[in-house]
Every structure is written in structure tokens, then in C-alpha cells.
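Form predicted alone, single chain, as C-alpha cells, below.
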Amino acid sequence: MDFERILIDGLRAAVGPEAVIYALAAIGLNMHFGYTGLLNFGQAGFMLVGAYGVSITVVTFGGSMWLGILVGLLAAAFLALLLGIPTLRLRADYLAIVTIAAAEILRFVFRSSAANPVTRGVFGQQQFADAFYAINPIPEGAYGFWLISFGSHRRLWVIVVGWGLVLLCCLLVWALVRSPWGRVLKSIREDEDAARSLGKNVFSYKMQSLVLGGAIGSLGGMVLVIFQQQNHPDIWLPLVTFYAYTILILGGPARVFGPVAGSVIFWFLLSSFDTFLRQARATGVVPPELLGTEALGAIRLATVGLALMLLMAFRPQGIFGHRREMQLDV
């Protein structure tokens, strides 16, 4: 087997757009789960409304992509308010149930025939990010560093802008969690009743955290559809939230750069393992009848699930986290 190719594919995925997208999604979840103790199981829903804010604004209404980004952020904030108002005064598990249900409801609504005039339903929307690529200052050509090939200048432009956005979000989270506002969030996570007894409006702080984390997650959805130049409802499966939680727990909840490290490590391991399986099948190390093409995706997903189970059992604080950060008052 070509172990160099396995390494190259892993490194390429670790710094590629996929790592950027899920780092943003996990940073938003970190604000919810890591710092506030909110169980949001519908991050894919926030990513969906952010992505459709861009694509609908451009394709359906003929607006600019930059206006679409603003619309996506506002849509994520509105979704957070819609979900938070009836649930944040209740136990944390109510928020978990509502968010996962809302994400799936949104996906089915956006793919329905009734929504076809606005979203194009199951056909999706394409070619709405030309304005982003029009300002690309990188000359045409192939680019790479060491063993890593970035492909076209368009892909490299997405990577540069995406990681810059990740850095800005990390700096924002770093500043916020070290402020008095951030310390109140941590106190709510550790003992909500104690924070309330000190006169803090727990509901208001939870709502602010839900809005902020949802808006950051929506940026991940925008980067994904801008990179692919297409938006489709079935992109936003519950698997997206599942991956984001795995990344967050892998890197370490309540750590500013935990989601970033988790995304890099996750995509390196996942892509390397995928290439390893394909080469094992192609070279006959594993008989094709035991590892069919259709089984590769299932094995990959099962591996992620097993890794998440092992993390929660043996190191719930992640690689860079501390166990005390997982003492949630739910």
C-alpha cells in the first residue's frame, strides 16, 4: 500500500475547507455546550439557515452575496430566539429535543415541493458565490506546500479566508469568555441555581450564548456552500451535528482552540483511514467481497461513532480539556 498517499490525503484534509467548516460549527457548539452547558443537538439547523440565507438572497431574489451573508446571520439569530424562548427556562434536555427536531423539520421544509419556488426543493441552488471568487487575489495555478497540494487557486482562496474566519471567531470567543460575561456563562454551566441566586438573569445569558453560537455555526454553513457553489437540503443531515460534537469533544470543550485542534485531528484521521480502506481493498489486503464499495461509508461512520463512545468513556474532557469542564449542571 502507498502509505505516503495515505499521509498526504490526511494532511490535505486536515487543512482543507472541510476542516474549516467543521471548526466553525464546533466553535459555535463550544459556546453552547462547552461554556454554557446548553445541549444543542441541531447545529446543522443553524448551518442550514446560514447557507440558505446566502443562496436564497442571490438565486431567488437577485441580491448580492454579501447581503446574503448578513441575512444568514440574522436568520441564525432568529432561529436561536425561536428555539430558546420556549425551552431555555426548562431543563436542558428539552433544548436538546427541540433543536434536533427543528433541524430535521427545517431540512424537510426546505426540500418540500411547496418551498420549490424559493429553495428549488430537492434540486438545490447553484452558482451563487461568484462575487466571492471574483475578488480572489491569488493567481491561477496549482499550489502546494511540502506534501500537501491545495489544488486550484479557488480552493486555496477558500482555505485562506476560511482559516482567517476561524481565527477571528477564536479571538472573539477568547475575549468574551475572559470577560465578566463569560464568567457568568461558566457559572451557569456549573450551577445555574447559584448564578440565579446572585441576581443573574440566567435566561438572558443562555439566550445570548445560543444566538452567538448559532451565528458562528451558520458561518460554517456559508463557507460550505460558497466552497461547493451549491446548496441542497440533504447536505444538512443530523450527521453534520454528530461530526461537530465529535470534533468538539476530541479537541476539548471549553477550550478556545479545542474545536480547531479537534477538527484538524479529526479530518486527518478520517481521511487517512478512508484512503487506507480503499487501498486495502484495491490491493487485495482485504478481499473485495468483505469490503464492498458501498460498505466504506458505513465503516467510516461506525468508526467515528466508536471513537466518540471511547472518548466519552475514557477521556470526556478531550485531548486538551480538563475533566472539571464537563461537570455540567443540567
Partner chain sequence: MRSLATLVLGVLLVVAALGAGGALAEDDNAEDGGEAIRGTLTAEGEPVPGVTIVAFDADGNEVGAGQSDDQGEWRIPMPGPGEYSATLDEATLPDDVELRDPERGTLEFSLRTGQERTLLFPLGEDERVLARFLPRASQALLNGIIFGLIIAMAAIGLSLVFGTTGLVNFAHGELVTFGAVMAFFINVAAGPGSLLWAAPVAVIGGAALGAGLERGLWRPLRDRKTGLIQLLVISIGLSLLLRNLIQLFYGGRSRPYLDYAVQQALQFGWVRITPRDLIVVVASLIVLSSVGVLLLKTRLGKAMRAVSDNRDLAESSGIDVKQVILIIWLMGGGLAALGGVFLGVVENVSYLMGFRLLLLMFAGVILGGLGTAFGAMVGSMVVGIVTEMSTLWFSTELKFVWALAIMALVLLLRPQGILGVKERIG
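Residue numbers count along the first chain shown, from 1. A quick note: this is a predicted structure, and the numbers were derived from the prediction, not measured.
Keep in mind that the form predicted together with its partner chain is not shown, yet the notes after this line are about it.
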Completion exercise
Partner contact check in the predicted complex: of 219-227, 152-160, 236-244, 127-135, the stretch with a heavy atom within 4.5 Å of its partner chain is 236-244
Completion exercise
With the partner omitted here, the residue among I105, A142, L147, L168 that in the predicted complex has a heavy atom within 4.5 Å of its partner chain is I105
Exercise for the section: Give a yes or no for F41: in the predicted complex, does one of its heavy atoms lie within 4.5 Å of a heavy atom belonging to its partner chain? Expected result: yes
Practice task
Would you check, heavy atoms only and a 4.5 Å threshold, whether P287 touches its partner chain in the predicted complex?
Solution key: no
Exercise for the section: Answer with yes or no whether V98 is in contact with its partner chain in the predicted complex, where contact means some heavy atom within 4.5 Å. Expected result: yes
Problem - Interface membership of G164, its partner chain in the predicted complex, 4.5 Å heavy atom rule - result: no
Handout entry: Neighbours of its partner chain in the predicted complex among 84-102 [non-hydrogen atom within 4.5 angstroms]
Key = P86, R89, L90, R91, A92, D93, Y94, A96, I97, V98, I100, A101
